[in-house]
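Given next, in structure tokens, is a single chain: the form predicted alone.
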């Protein structure tokens, strides 16, 4: 029965360990540059309020659903949903949700590791003082020269994949849990040190105003859609990672409480990142541009012109690499668990097989920035195609099917039991939101990601 099913892969030692691991999965490169920027550009505090509402109505219910499915099934995402469906006499084809998650995590890690490799390279560039006294043109030239060298990108891509394989191969407790117990607190400490550094720029309150001043005039319908979309994507939902981590959660742990802490920690890191980054940007008369350009082209200029910039720039990129590593670990685990269960092989073998496959696929992303920048499919290069496929198709569609399966297909007594909310008003709120509000919101995200609202 589902109530006595145990994971063959292990279990977290505590709820706190799960919260750290899941938050590490959620906090990645996007939290550091994307959220602070889109908040500032869309009304600051007004956007933050809308985002918090969206994450409660969309991210929260879906996060709880994914943890619920993982703990109920105690296997890889495909087998978990297939087993749950069988227990409840539902169609086995709902397992496609798990398949979409595993495929998405595999594809995302193949290009995510390449971008994470950029950050690792910049740790050494900053540490060796390559940004000192450089202007925008020379910084841009450094970045362009770097990504034009496929061998350099392959080298750092290999380092990222190699370390990720090493951690995941050691298992749930000795590998993943031990790593996040060390890396996530270290990332937070580094982030707070950088905030302290930003306070000394003289532009700290300008950064605070950029992030938190509520300008409702800037909060357009596009801003609402942006808040809704980020509330979905920020928690690493529908990649199979959270479901896989949920499979290791002890039965007595409260899913709702864990979900709340994950949301709080994820949002806090994003906002604190903004407080660390934007005062430095404004202090040097730079533009807080969105995207990787902020990290690899704008900030190096700031660090190169500020006192002790070499030291704090290095700390910043170390912090960025840690954020990338904790996400990479979570993205590898679903494929490893699937290989172990499917092929009946040991974790070490499964991790090496998965790592090699992801590494090989990542070469396509590497070449997208130099040798093969032209069209690959549908007018996109290899990297852009994978990014579009995962972010615009697999994740929102997988999330939509997941919430429908959990809230509409599974019997109420099953979800009520797994959430440990029998007879509680909180359960009725979760069920109502999961049945009506969350699916509608994810559908809006899905259609918006396809560009169907452009021009409205």
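Positions refer to the first chain, counted from 1. What you are looking at is a predicted structure, and each value in this text was computed from that prediction instead of being measured. Superpose the two forms; the largest set of C-alphas matching within 1.5 Å is the rigid core.
Note that the form predicted together with a small molecule isn't included here; everything after this is about it.
Comment: 237-245 is the region of 237-245, 131-139, 379-387, 76-84 lying near the small molecule in the predicted complex, near meaning a non-hydrogen atom within 4.5 Å. With a 4.5 Å cutoff on heavy atoms, residue 28 counts as touching the small molecule in the predicted complex. A residue is said to contact a partner when one of its heavy atoms sits within 4.5 Å of a partner heavy atom; residue 312 fails this definition for the small molecule in the predicted complex, lying far away. In the predicted complex, none of the heavy atoms of residue 203 sits within 4.5 Å of a heavy atom of the small molecule. Although the partner is absent here, residue 327 lies within 4.5 Å of the small molecule in the predicted complex, judged by heavy atoms. Highlighted residues 122, 155 and 321: none comes within 4.5 Å of the small molecule in the predicted complex, counting any heavy atom. This chain lacks the partner; the member of 112, 278, 317, 303 within 4.5 angstroms of the small molecule in the predicted complex by a non-hydrogen atom is 112. The single contact residue among 296, 359, 282, 233, judged by any heavy atom lying within 4.5 Å of the small molecule in the predicted complex, is 233. Taking 2 Å as the criterion, residue 35 counts as shifted between the shown form and the other one: its C-alpha moves by at least this amount when the rigid core is aligned. Once both forms are fitted on their rigid core, the CA atom of residue 51 lies 2 Å or more apart between the shown form and the other one.
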